[in-house]
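Next up is one chain by itself, shown in C-alpha cells, the form predicted alone.
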C-alpha cells in the first residue's frame, strides 16, 4: 500500500498504472474505515483463523467486501 498526498501526486508516480485508478481511495478516512472492520481488528485473537470461518467472521468479511465495492 502506498500513501500519497493527493490524487495528482499518485498519478505522477513512476509506478502508477492507469487501469488501477479506480482502486485508489482518495481520503485517508476510507482506509481507516476499511482497517477498522472487525475482519482486521480481530487479528490478535488466538483463534483468529477459525473465527474467520465463523458466522461473525464471515459477516465481517462480507461487510469488508461490500465496503470495497
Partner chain sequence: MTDLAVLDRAYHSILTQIIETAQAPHYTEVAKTLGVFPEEAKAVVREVIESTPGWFHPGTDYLASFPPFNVQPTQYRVSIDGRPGWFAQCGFEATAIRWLFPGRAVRIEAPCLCCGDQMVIEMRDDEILLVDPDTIVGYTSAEVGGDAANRPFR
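Between two forms, the rigid core is defined as the largest C-alpha subset superposing within 1.5 Å. It should be emphasised that the depicted structure is a prediction, and the values quoted were computed from it without experimental measurement. Residue numbers count along the first chain shown, from 1.
Although not depicted, the form predicted in complex with the partner chain is the subject of the following passage.
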Quiz item: Wondering, does residue 65 line up within 4.5 Å of the partner chain in the predicted complex on heavy atoms?
Solution: yes
Quiz item: Would residue 23 count as touching the partner chain in the predicted complex under a 4.5 Å heavy atom rule?
Solution: yes
Self-check item: Exercise: residue 59 in contact with the partner chain in the predicted complex, heavy atom 4.5 Å
Solution: no
Quiz item: Are there residues in 30-68 with a heavy atom within 4.5 Å of the partner chain in the predicted complex, and which are they, in order?
Solution: 31, 32, 35, 36, 39, 40, 41, 43, 44, 45, 46, 47, 48, 49, 50, 52, 53, 61, 65, 68
Quiz item: When the two forms are laid on each other by their rigid core, does residue 48 show a Cα shift of 2 Å or more between this form and the one not shown?
Solution: no
Exercise. Take the rigid core as the frame of reference and indicate whether the C-alpha of residue 12 shifts by 2 Å or more between this form and the one not shown.
Key: yes
